[in-house]
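So this first bit is one chain, no partners, the form predicted on its own, shown in structure tokens.
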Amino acid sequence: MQKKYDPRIKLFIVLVMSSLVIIFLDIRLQILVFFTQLFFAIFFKARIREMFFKLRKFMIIFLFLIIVQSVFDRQGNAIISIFNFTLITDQGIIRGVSYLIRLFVVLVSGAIIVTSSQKETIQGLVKLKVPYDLALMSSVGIRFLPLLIEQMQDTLIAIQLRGIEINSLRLADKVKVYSYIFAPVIISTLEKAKSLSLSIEMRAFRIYKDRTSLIELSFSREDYVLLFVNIALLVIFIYFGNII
């Protein structure tokens, strides 16, 4: 039987790693934080392989984001120039990759949190003195991340069934197709959010000021070990962040 860890430990790990990858500007430290977060995700048996397998079809979008970040960063040595206009620089590429690493850390963080049930996550936030309304909204928002990815994948399959082979399209046509995909996906997600809000209201949400729960959370010895390890990693990262 898989050991169940306290959701507060997972929330603390996610908070620390997500904060570090945003604070650090050096891409080497960001990569180190990403692989550390990936290690924790594997440790908690998160569905990382499945998540990246679904994201493989969006690599063209990630590449486009890197290029956009690079175009608007004028620092560094020119890599691609058109006449006297510098289009892409090495510093711009690094800035784009940095943005992508931060995005992946957020996605892996969501994968770690969903290894706990929604009720456990909400109760963990409540134990951390987060108001129940905010705890519920945060938990629902995290659950919507894989739902949004699944919706994107279903839309891509629907397009392919209509005879459009996305992989054979030119880069400009691919960007145009993906831009058309976002509108129905966002609308569908908003419709599901509306249905969820109606379902919550029908269950008399917030009729009482305080809520009780059958779930009682307590730290085990393994949770304290993970807490100590994460604090030690935080100190090490901050130390290297100051000397680099």
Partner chain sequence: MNDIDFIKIKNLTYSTKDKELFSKINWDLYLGKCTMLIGENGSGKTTLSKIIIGIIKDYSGEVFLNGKLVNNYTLAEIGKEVGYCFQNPDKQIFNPTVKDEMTFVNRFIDYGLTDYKELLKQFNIEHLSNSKTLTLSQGEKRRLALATTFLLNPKFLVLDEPTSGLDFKNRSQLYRIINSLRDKGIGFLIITHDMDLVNNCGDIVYEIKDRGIKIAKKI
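Residue numbers count along the first chain shown, from 1. All figures in this text were calculated on a predicted structure; none of them were measured in a lab.
Beyond the structure shown, there is the form predicted together with its partner chain, which is absent from this document and is the topic of what follows.
Q: Can R49 be called a contact residue for its partner chain in the predicted complex at 4.5 Å between heavy atoms?
A: No.
Q: Is K176 part of the interface with its partner chain in the predicted complex - any heavy atom within 4.5 Å?
A: The answer is yes: K176 has a heavy atom within 4.5 Å of its partner chain.
Q: With a 4.5 Å heavy atom cut-off, would you call E191 a contact of its partner chain in the predicted complex?
A: Output for E191 is yes: heavy atoms within 4.5 Å of its partner chain.
Q: E165 versus its partner chain, in the predicted complex: is there a non-hydrogen atom within 4.5 Å?
A: Output for E165 is yes: heavy atoms within 4.5 Å of its partner chain.
Q: State yes only if every one of S220, D223 and N230 has a non-hydrogen atom within 4.5 Å of its partner chain in the predicted complex; otherwise state no.
A: Result no, not one residue of the spot touches its partner chain.
Q: Here the chain is shown alone; which of V106, V130, L148, A158 has a heavy atom within 4.5 Å of its partner chain in the predicted complex?
A: Of the listed residues, the single hit is A158.
Q: Quick one: of A204, L198, M59, I187, which gets a non-hydrogen atom within 4.5 angstroms of its partner chain in the predicted complex?
A: Looking at the other structure, the residue within range turns out to be I187.
Q: Specify the contacting stretch among 178-186, 59-67, 212-220, 27-35, defined as having any heavy atom within 4.5 Å of its partner chain in the predicted complex.
A: One stretch meets the cut-off, namely 178-186.
Q: So which residues in 20-45, when you check its partner chain in the predicted complex, have a heavy atom no farther than 4.5 Å from it?
A: Stretch hits: zero.
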